[in-house]
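Single chain ahead, by itself, as C-alpha cells, in the form predicted on its own.
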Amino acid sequence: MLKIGIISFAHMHALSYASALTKSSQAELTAIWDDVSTRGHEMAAAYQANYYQDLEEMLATDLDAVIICSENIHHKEHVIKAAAYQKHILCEKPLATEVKDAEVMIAACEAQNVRLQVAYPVRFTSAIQQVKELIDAAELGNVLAINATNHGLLPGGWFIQPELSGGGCATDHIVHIVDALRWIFNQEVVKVYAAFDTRFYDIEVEDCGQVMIEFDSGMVVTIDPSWSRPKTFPTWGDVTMSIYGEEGMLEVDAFKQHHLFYNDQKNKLEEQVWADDMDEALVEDFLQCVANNREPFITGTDGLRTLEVVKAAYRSNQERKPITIETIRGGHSQ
C-alpha cells in the first residue's frame, strides 16, 4: 500500500485528490502538511491522517509520494524539497510561475530519480479522450482551426493575489486547453498573441482575455480563459472546443454529462457531473506511475511547455505583438 502525503490544502483541488486517495485500493493518505495550522488540523481530522507543522519532518517519514496543492508561488520550493527526500510528486498546475523555475524543478526531480507529474485532469475526461481517438483516426482530415473556452468563476483568495498566484485567469485557465491540445494533436505551440483586461471585478490581476495560438502544423487556436461566469452559474466553469477540419467539424463540451440539482439547502442550482471523475482518474494514474516506476502520463516537461505559452501570452499582451515560444525559452520571460 502506497503512503501518500498532501502538501497544503490551499488549492481547492486538494479536497478532490484527498477524496480520491480514500477511494483508492492501492494507496492511503497518511500525512498532511499545511502552513495554516487550523486548516491542516481540520483536514487531518477529516481524512484520518497525521498533521505535520514541519514540512521536512513529514518528508523524512516513509512516504512514497506527495501531492502538492500549495499556492503557485510555492510550487518550486515544495517540489525541490520533496525531490530532495526522494518522494515522487504530483504537482498542481501551473508547475511554476516562471519558466526558469520549472526547468530547475524538473532537473531536481531528474537528479533524484523522482517521478514528477503535473495535474492536468482534463486529459482524463471521456469527451477529450474520444476527441483524441477521432483525431488519431483522421476523421476530420487536416484540422485548420479550433475555438476553445475554459471559462470559470472568480476563485478569489490567493488566486487574485499576484504575489502568490503569478497571474489571473490567464495563469489559471490557459494551461488546461493547451495541454489537452498538445496531447490530442502531438504538436507544439510556436507563436502566441494575447490581449487581457480586468473588466468584471475590482482585482489586481486580469479576469478576461483572448489568446490566439499557432501550432507547428499551422493550426490556429483561440482560447477564452476568462473568469466570466456569474456567481449564480451552476458549476465552476467549462471546457469547450469547436474543431474545424477539412473533412468536417466537431463540437466538444467536456462537462455536458451532468444532472441539474435544484439545491434548496444552498439556495442555488448545481451541475452534478455523472461522467467519470477526472480528478480521481488523475490520482489513480499517478499512483500507478509510482507503483510501476514508469514515466508519468503528464510529465514535468508537459507542465513546462504549457507554462511557456502562458508567459508568451503575458509578454504579447504587454508588447501588443505576437510572441514566439523560442523567444520565451531563450529569454526566460518575467
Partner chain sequence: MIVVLIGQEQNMAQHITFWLSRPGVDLKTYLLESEDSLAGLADFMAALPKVDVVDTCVPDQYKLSLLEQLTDHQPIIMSLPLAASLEEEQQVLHLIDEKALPVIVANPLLAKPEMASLCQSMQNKQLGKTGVNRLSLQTDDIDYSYSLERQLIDWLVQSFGDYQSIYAKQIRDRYKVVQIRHADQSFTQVELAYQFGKEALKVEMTGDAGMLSYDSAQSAPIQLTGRNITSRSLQTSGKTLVYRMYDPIYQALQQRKISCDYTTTVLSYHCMKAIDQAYQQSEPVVKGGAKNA
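For clarity, every value in this text was computed on a predicted model and none was experimentally measured. Numbering follows the first chain given and starts at 1.
In what follows, reference is made to the form predicted together with its partner chain, a form of this protein that is not presented.
Partner-contacting position among Y85, W183, Y244, F255 - heavy atom within 4.5 Å of its partner chain in the model of the complex: Looking at the other structure, the residue within range turns out to be Y244.
V131, A148, V122, C109 - the one with a heavy atom within 4.5 Å of its partner chain in the model of the complex: After the contact test, the surviving option is A148.
Heavy atom distance at most 4.5 Å to its partner chain in the model of the complex, all of T198, M212 and S226: Every listed residue reaches its partner chain in the model of the complex, so yes.
4.5 angstroms heavy atom contact with its partner chain in the model of the complex for E326: No - in the model of the complex, heavy atoms of E326 and its partner chain never come within 4.5 Å of each other.
I160 within 4.5 Å of its partner chain in the model of the complex, heavy atoms: It does not: once its partner chain is placed as it appears in the model of the complex, I160 has no heavy atom within 4.5 Å of it.
4.5 angstroms heavy atom contact with its partner chain in the model of the complex for K321: K321 belongs to the contact set for its partner chain.
Touches its partner chain in the model of the complex: E204 (any heavy atom, 4.5 Å): E204 lies outside the contact set for its partner chain.
Heavy atom contact within 4.5 Å of its partner chain in the model of the complex, the stretch among 260-268, 111-119, 70-78, 204-212: Selected range: 204-212.
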